[in-house]
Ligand code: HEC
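Here's a solo chain for you in structure tokens, the form predicted on its own.
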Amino acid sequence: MNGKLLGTLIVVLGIAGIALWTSASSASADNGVVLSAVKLLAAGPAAEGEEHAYVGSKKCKMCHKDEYKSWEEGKKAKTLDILRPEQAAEAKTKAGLDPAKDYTTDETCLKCHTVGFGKEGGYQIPDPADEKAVKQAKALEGGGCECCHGPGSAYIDLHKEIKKSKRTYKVEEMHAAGLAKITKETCTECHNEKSPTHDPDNPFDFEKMKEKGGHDMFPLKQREE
């Protein structure tokens, strides 16, 4: 395609996009679903290699209060704390680790004890003197929601629209917005033989553990089966 033809095509598509956006913007509040869809189309698909952003587990609490409370009271929310000195001393000793050592800056541990460590926008070891960095890191501590469900910047906005409009939805709509499917591969990124606490006589059983997850399960009122 030559440059002139490509330029013309871009202009035509741009005009069509503006017209579509204007039409949707003038719709009534009842047309929130249509407007939301137009916004997603206007934004376009993520570029190849582009990832959704991490938002932190507290953002998930807005729509999933019961799940969040269950997670917060469970073990996964406290996985970073386990790396602190004298925490889980018996398990560390059994695994050949030093229970007096601080592992919260050990990069080999942080991959499975924080959200998104080593990935763009994921957990970063903060400078204690940088209040902003400490706050950002705090939001991504532990085995948070996005460890299993994927970065939530797009699907959390979709959740907000669905909750506000009170419409129903199918899980495929969430997957299209970046919600990860929970598979054996998702779990065994951390629950594998490389873990210092791996027990070869009692390996991770995905089929047995998948219903337990990191929180109790609750009915999702607006999701269609």
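All residue numbers are counted from 1 along the displayed sequence. Everything quoted here is computed from the prediction, not taken from an experiment.
Below, we turn to the form predicted in complex with the named molecule, even though it does not appear here.
- Although the partner is absent here, residue 176 sits far enough away that none of its heavy atoms falls within 4.5 Å of the named molecule in the predicted bound form.
- Using a 4.5 Å cutoff between non-hydrogen atoms, residue 59 counts as a contact of the named molecule in the predicted bound form.
- Although the partner is absent here, residue 75 lies within 4.5 Å of the named molecule in the predicted bound form, judged by heavy atoms.
- When contacts are judged by a 4.5 Å heavy atom cut-off, residue 112 counts as touching the named molecule in the predicted bound form.
- Heavy atoms closer than or equal to 4.5 Å to the named molecule in the predicted bound form belong, across 133-153, to the residues 143, 144, 145, 146, 147, 148, 149, 152, ordered by sequence position.
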